[in-house]
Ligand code: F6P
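Single chain ahead, by itself, as structure tokens, in the form predicted on its own.
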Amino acid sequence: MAAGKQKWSFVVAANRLPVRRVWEGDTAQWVPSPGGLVSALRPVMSGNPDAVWAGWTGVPGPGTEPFEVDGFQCHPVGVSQGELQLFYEGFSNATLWPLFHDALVPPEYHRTWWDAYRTVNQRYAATVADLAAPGATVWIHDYHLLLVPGLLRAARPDLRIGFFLHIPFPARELYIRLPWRAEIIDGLLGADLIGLQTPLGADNFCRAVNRITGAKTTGRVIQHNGRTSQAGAFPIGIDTDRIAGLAADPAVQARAAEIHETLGSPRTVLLGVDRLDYTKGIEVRLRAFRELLAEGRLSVDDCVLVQIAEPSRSQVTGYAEVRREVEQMVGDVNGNFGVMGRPVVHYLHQSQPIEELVAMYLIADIMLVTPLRDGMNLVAKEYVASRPDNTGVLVLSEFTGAAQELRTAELINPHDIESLKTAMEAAAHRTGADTVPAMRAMRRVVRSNTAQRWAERFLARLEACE
């Protein structure tokens, strides 16, 4: 049977394939992508002859021939350069992303963006319909593909369809601002099971369904157009074994010692690791750090802040402004409080390999995870998983999904700069022994809710759907 005609009993659809293109000289090759979703689905998909992943390669243009990387069967879906601007940079990331993150910046509503979004979703749905065997299980992921479940249900009513939203679902009062609110709800209700990161997200979704469709909901079971859909909370985890293994790797530990020495061997290292995004609260934590230094509550003699800001969506409106603000603030703090050859803030606007991140986790006495809004935030969980001696303090925003599980973190309101300053100052003056009970409790949670366990729970619940 030709590869293009093969039918699959398990199909994953996501905006991106689980691979990225790496160049070595003039030669490009595909390698597995890092990230929680790839880790979570590896046990289900890698080497499974009945599983395929449909998504975009990250390279604009028509879809290419299917290929395999590290046991993942990949079926590319084409997205043109024009569609990339309208569907991805436009509707996905300048309409849905801000709206679903509590409208921290005003969402933009453009009919041309919506038209492109619908077109690309139709393409994904048609691709999956062609790939799926009779009665197959399909798992669709995230806000780029909200219409796919409904489109796929109309084309293939025999399929078992799950959908998972990796970002927050907003309060009903925010969601109903969306001009295409009914179309997206109809799209999502094509799924048998709609998974969200938190109970609040699941409840927000059900309230929006009730407001827009009038559908009967019992708990989180939704009756609509003669069908039953369920919503549920499934907080995603990380590959804890991988992070713990790296933390125990002598090469990573040696790199951690090298970084610490490069920083001037400070008594206290504060660390932030984020995508450069207005939702992440990077400016707030920099402002808090600056005020603590100015007030003499922290000292440049024994404190250093390391901020990793990975490049993100540089073409989307507003992201260049966020970068300017962050970099101006870094310059301001260093200009006012640094000394020659020893900045007080070390700022890197670049992606880091996971080995380098774990080395930084190892030296971080305080981990600052302070988004204004976040679906989960896996950095918080990675930090916890990398602390085998149970030391370290996690300062964590209440408005992350992770805060629902990591209850012994220093939970703060990132909109309240004084509470953030208080938490940072208190963390800087804790001894190692003081941090052990809280970190030990968080490590138990992270170890018990891994990425693989998350996938198993979701798929078992999907299988049980009537």
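Owing to the predicted nature of the structure, the values given are computational and were not obtained by experimental measurement. Numbers follow the displayed sequence, beginning with 1.
Just so you know, the form predicted together with the named molecule exists too; it's not on screen, but the next bit is about it.
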- Pro199, Lys381 and Arg407 all contacting the named molecule in the predicted bound form, non-hydrogen atom within 4.5 Å: no
- Contact with the named molecule in the predicted bound form, heavy atom within 4.5 Å, among Trp97, Phe72, Trp113, Phe164 goes to Trp97
- Note on the structure: Picking from Arg275, Arg297, Arg287, Arg207, the single residue whose non-hydrogen atoms come within 4.5 angstroms of the named molecule in the predicted bound form is Arg275
- Note on the structure: TL;DR on 337 to 345, 136 to 144, 250 to 258, 323 to 331: the one with heavy atoms within 4.5 Å of the named molecule in the predicted bound form is 136 to 144
- Does at least one non-hydrogen atom of Tyr361 fall within 4.5 angstroms of the named molecule in the predicted bound form? no
- Could you tell me if Arg443 has a non-hydrogen atom within 4.5 Å of the named molecule in the predicted bound form? no
- Query: Just to confirm, Arg313 within 4.5 Å of the named molecule in the predicted bound form by heavy atoms?
  - Reply: yes
- With heavy atoms only and a cut-off of 4.5 Å, decide whether Asn93 touches the named molecule in the predicted bound form. yes
- Partner contacts for 31 to 51, taking the named molecule in the predicted bound form and a 4.5 Å heavy atom cut-off: Pro34, Gly35, Gly36
- Message: Closer or farther: the C-alpha atoms of His144 and Pro34 in the predicted bound form, versus the form shown, with a change of 3 angstroms or more?
- Response: closer
